[in-house]
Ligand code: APR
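Only one chain is shown below, in structure tokens, and it's the form predicted alone.
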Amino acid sequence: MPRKKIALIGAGMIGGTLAHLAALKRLGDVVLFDVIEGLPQGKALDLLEAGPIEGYDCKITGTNRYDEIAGADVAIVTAGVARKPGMSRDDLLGINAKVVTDVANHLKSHAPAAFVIVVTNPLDAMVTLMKRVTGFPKQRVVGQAGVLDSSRYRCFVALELGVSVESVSAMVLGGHGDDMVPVRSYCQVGGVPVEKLIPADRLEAIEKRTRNAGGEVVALLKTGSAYYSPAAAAIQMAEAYLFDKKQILPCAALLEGEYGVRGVYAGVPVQIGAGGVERIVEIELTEKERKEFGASVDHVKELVSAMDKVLGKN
């Protein structure tokens, strides 16, 4: 069988890590695109030279030309400006909206059948914009948010209890921002509800840290934002699609009545397989979680409205 083709739009820290993970996991041939001359070519060459050591034979191409992504099966979009200390994800709205509009137009022209995973922040607005500009079916445009946020929640719970991260199951839903919703009622450790293992005040602190986890990394790095964990999260989504895993993952998907929401991208559990976002899984939330989810969705709506003003739609 011919290898699948994975287009990585943006060759920054996340893009380079995506390329490395895609090669290590033998997902297919990789095209690393960026507007900065030499950057994608240099990273691609470096990764190719690691191939004999790691044992991967995939083709890795660095380019400044969109025509080289032609026919991509998966496109992961990280292009745009990263957060700096003191910035929220929302602060990136104006700059990154223009970047994503340009990317979307090129994907529409060169990779019209691609499954598109958006990582660029502010995520919920950017994935909305990607869907609008490409006109792709909702099943093929999804945002990477909940997989990352849920991983952070699981990590902090595991650290608190001193257990393996594999023993912790958890989901974070809603928008990918400071009002995201760690769903405590579905968080379990070895099948035991987390509330039976961790006191309420410590759980509150863990959930607060989860909401602020991206900013915590930004403050520590000082010159950029997280890249290992966002890349790992996007690759998990790509794997689910490429290998038809039918995996249930929390992702930013277009809601059309589910959870009482219509016409908005928000983080919810979805099944990803060869059909893309094959279905949205509706779970029962507590009254508190429903209110928090509603508030998070309202913030997404405000963000999209602000984006429309920036782009001159209103």
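Model, not experiment: these values are computed from the prediction. Numbers for residues come from their place in the sequence shown, where the first is 1.
There is also a form predicted together with the ligand; it is not shown, and the following applies to it.
Engineer: Using a 4.5 Å heavy atom cut-off, indicate which stretch of 45 to 53, 247 to 255, 262 to 270, 29 to 37 touches the ligand in the predicted complex.
Structural biologist: In short, 29 to 37.
Engineer: Looking at L92, V183, A72, V194, which has any heavy atom no more than 4.5 Å from the ligand in the predicted complex?
Structural biologist: Among L92, V183, A72, V194, a heavy atom within 4.5 Å of the ligand in the predicted complex occurs only for L92.
Engineer: Out of I206, V217, V99, A158, which one falls within 4.5 Å of the ligand in the predicted complex, going by heavy atoms?
Structural biologist: Partner contact (heavy atom, 4.5 Å) among the options: V99.
Engineer: Closest heavy atom of S225 to the ligand in the predicted complex, within 4.5 Å or not?
Structural biologist: Taking the distances in the predicted complex, the answer for S225 is yes, it comes within 4.5 Å of the ligand.
Engineer: Taking the ligand as it sits in the predicted complex, is G294 in contact with it (heavy atom to heavy atom, 4.5 Å or less)?
Structural biologist: So G294 does not count as contacting the ligand.
Engineer: Would A125 show up as a contact with the ligand in the predicted complex if we use heavy atoms at 4.5 Å?
Structural biologist: No, A125 sits far enough from the ligand in the predicted complex that none of its heavy atoms falls within 4.5 Å.
Engineer: Taking the shortest heavy atom distance, is V142 within 4.5 Å of the ligand in the predicted complex?
Structural biologist: No, V142 stays farther than 4.5 Å from the ligand in the predicted complex.
Engineer: Note that the ligand is not shown here; using its position in the predicted complex, name the residues of 54 to 79 with a heavy atom within 4.5 Å of it, in sequence order.
Structural biologist: Counting only heavy atoms within 4.5 Å of the ligand in the predicted complex, the contacting residues of 54 to 79 are Y66, T78, A79.
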